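One chain comes next, on its own, written out as structure tokens in the form predicted alone.
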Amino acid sequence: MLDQQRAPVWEALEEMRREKLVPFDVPGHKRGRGNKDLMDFLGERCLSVDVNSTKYLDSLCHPTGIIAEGEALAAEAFGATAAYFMVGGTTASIQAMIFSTIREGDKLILPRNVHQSVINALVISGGIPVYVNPQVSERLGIALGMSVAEVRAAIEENPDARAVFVNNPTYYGICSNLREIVACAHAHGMKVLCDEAHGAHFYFGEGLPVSGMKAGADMAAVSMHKSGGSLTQSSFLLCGPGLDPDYVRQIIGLTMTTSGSYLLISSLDISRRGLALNGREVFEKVKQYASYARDEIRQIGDYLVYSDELINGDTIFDFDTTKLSVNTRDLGLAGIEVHDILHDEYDIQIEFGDLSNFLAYISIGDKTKNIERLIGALYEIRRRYKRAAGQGFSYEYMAPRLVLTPKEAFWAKKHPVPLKEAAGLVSAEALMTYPPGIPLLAPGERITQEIVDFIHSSREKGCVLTGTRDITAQTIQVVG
């Protein structure tokens, strides 16, 4: 019998700490005593449990003890057949999903607005992307979910595809009809992989979109460090029935460190316990905070705050109401400009801003006074900085022209050209704004003038461009 009140990794670390063992193993800071500056910064309690894998503390690579027990508890809590502690972020979880299902030459059906980790996994695995280009809201300037009809068409046109990849939800909170996509994929013998980097709370809250495991997905990558409360870089990889859990662990081992951080592992263990016991109440409060913030910001004027009123039964099948997504076009400011003003002048750090929107992440760690402070700052920004309403931006970059597979392009002979002169050439690398880390260009895609213009607009508004070999992103590597 599994007991969700237990946190076996945490319990074992606490017992070890109380025993006051004399360490003649790594790490070399020896429970912090060898690095005073680090001890002063992080504290003795933290460094005392920054330890190495031992027979008493189990092994992340080959768990048979407390880690195996902790993963079994996580699987039960999330409604999965198997769960894995991941210490390389949800990036590692996403890549493990793809490596477990996609080999050289295999097709993966996916939306174009995927995280860079998906494209990187295709570079390594040699998989072939089959893009289901999401529709775009011209008013909001964001990509929507996957239309079931378009997914079905992609499946019927590519019956040899191995899997379908779904964002659940998108960064902005939009969800596709996951149950129908799963049913369609499974009817054609394909696996379904879910990027749930922003959906850990779906497993524990009420009145939220369906989770990947509940919808019948085969694998899901869950960022516990986002809405789940664990430490940054910690994640869960979940598997449903029909997959060999030992094979999946072997795939994880191809890229996972053999020195897994017990700080990260224990944070997953503790956070899982907390959500299993109290998640319903916790996320009800988060929903109330988000609802209150939306109502108050709408009353300020010129901020378009959107939520589940967007639901259309298809490309916006559901919406994550914990998200505080705000469009700033009527304010005459880019979302990234609001992001920067909040940081520089009001000491408020929000999640990200793009050319038309910003996202303020509300979670289990917020308080009413923090929500009030954000609302007050947005009121002041409107009063002080409002300009004429902004014009629409081109989002044609969402319809890529695939010339080569990501692997072919990335490893091809290539050379740099100034980005402003790259239209018509084939990109050999990815270029994205981060966050959210969705590539504006991926390896193997034809660069269009619309993409170049959009990147230029993003740079002018203050978006940070990443991914290119040239750290300034003034040049881009192209094939040839």
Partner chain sequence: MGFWFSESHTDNVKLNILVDEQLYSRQSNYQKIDIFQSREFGRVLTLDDVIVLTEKDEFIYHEMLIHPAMAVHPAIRRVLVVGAGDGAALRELCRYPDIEAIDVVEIDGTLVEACQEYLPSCAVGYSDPRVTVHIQDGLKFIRRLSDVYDLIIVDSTDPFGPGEVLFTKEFYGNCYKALREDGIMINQHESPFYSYEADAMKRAHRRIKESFPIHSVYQAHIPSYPSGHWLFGFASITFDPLKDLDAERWNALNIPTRYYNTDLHRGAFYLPNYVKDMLGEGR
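Residue numbers count along the first chain shown, from 1. Just so we're clear, the structure is a prediction, and the values are computed from it rather than from any experiment.
Although it is not shown, the form predicted in complex with its partner chain is what the next lines describe.
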**Fill in**
Answer among 328-336, 294-302, 214-222, 265-273 for heavy atoms within 4.5 Å of its partner chain in the model of the complex: the stretch 294-302
**Request:** Please run the contact check for residue 79 against its partner chain in the model of the complex: heavy atoms, 4.5 angstroms, yes or no?
**Result:** no
**Asked** With the partner left out of view, is residue 284 within 4.5 angstroms of its partner chain in the model of the complex by any non-hydrogen atom?
**Response** no
**Request:** Tell me, yes or no, whether residue 244 is in contact with its partner chain in the model of the complex, where a contact means a heavy atom of each within 4.5 Å.
**Result:** no
**Request:** Consider residue 347 of the chain shown here, and say whether it contacts its partner chain in the model of the complex, taking contact as heavy atoms within 4.5 Å.
**Result:** yes
**Fill in**
Assert contact residue (its partner chain, in the model of the complex, non-hydrogen atom within 4.5 Å, options 379, 361, 289, 131) equals 379
**Contacting member of 280, 179, 373, 139, with respect to its partner chain in the model of the complex [4.5 Å, heavy atom]** = 373
